[in-house]
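There is one chain below, alone, in structure tokens, taken in the form predicted alone.
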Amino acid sequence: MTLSLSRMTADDVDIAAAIALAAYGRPYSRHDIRRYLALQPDGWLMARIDDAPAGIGGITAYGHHAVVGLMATHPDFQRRGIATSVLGTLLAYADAWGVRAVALDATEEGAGLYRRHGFVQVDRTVVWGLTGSPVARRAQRSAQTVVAEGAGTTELAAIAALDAEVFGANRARLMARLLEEGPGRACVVRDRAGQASAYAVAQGSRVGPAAAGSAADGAALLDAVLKLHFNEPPRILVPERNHLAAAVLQARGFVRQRSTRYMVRGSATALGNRSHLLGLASFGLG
């Protein structure tokens, strides 16, 4: 048996999605994988056993903060050291890049591997799903929502600044790409003085990334973003530490579906304010 690792490329996207489907038991977006490769082409790996595709994993760095995602081993090749080899290589990348904190969301089955590599659980991430049509709510009178026009607008600058404050690192490249992919699919809450205080981006089947420091802002965001078209009933990935989110989501028809362990290796103080993080971009991007 020979285990080898190579950089994942655009030619590997279909193979990576098939491995993720086999490992997780649910489809994984090829569009998400292509986005990962575009944002961090030197951070995504394909593992092979005797030239047969067997596992995947990747890391995206935002300066001193990085996120590991899409860690999956095909069931036919489990217990052969694939995940250990992939993770060790990704962490070596992070060390070489000068990353101070590496975060990830772990399944119950994968948590042991990450603990052995120095990760500590600091929170959970809850997957909330909309099972039917959103519950109509009266718009918040204390805030005004405006739709961003896309990359390069003043809304991009406002979104990137808010996100950096809450997430703890500059993700302007990610925000620009999301707004370019979906022009007009971002909402910004402004106070009466015109100051931006919260934002949300609507992807095809997911709400996020999103940030809001109050229940009123979170409600205003969701009331605006849920008016947009989604390919399927949207999900939103919310830190459990955000204690205000549950009531806002439940009031709009969302139900708690499952959760993962949010784990960190390194300085957790470098990771922003998860209590104000309303939605992740994805498990692979934070």
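Note that this is a predicted model, so its numbers are computed, not measured. In this text, residue numbers run from 1 along the sequence as written.
Absent from the display: the form predicted in complex with a small molecule. The rest refers to it.
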*Name the stretch: of 22-30, 248-256, 36-44, 216-224, exactly one has residues whose heavy atoms fall within 4.5 Å of the small molecule in the model of the complex.*
22-30
*Looking at Asp163, Asp123, Glu155, Asp105, which has any heavy atom no more than 4.5 Å from the small molecule in the model of the complex?*
Asp105
*Which one, Arg190, Arg80, Arg100, Arg177, lies within 4.5 Å of the small molecule in the model of the complex by heavy atoms?*
Arg80
*Give a yes/no on whether Leu113 approaches the small molecule to within 4.5 Å in the model of the complex, heavy atoms considered.*
yes
*Even though the small molecule is not shown here, does Met71 get within 4.5 Å of it in the model of the complex, heavy atoms only?*
yes
*in the model of the complex, does Glu109 have a heavy atom within 4.5 Å of the small molecule?*
yes
*With a 4.5 Å heavy atom cut-off, would you call Thr84 a contact of the small molecule in the model of the complex?*
yes
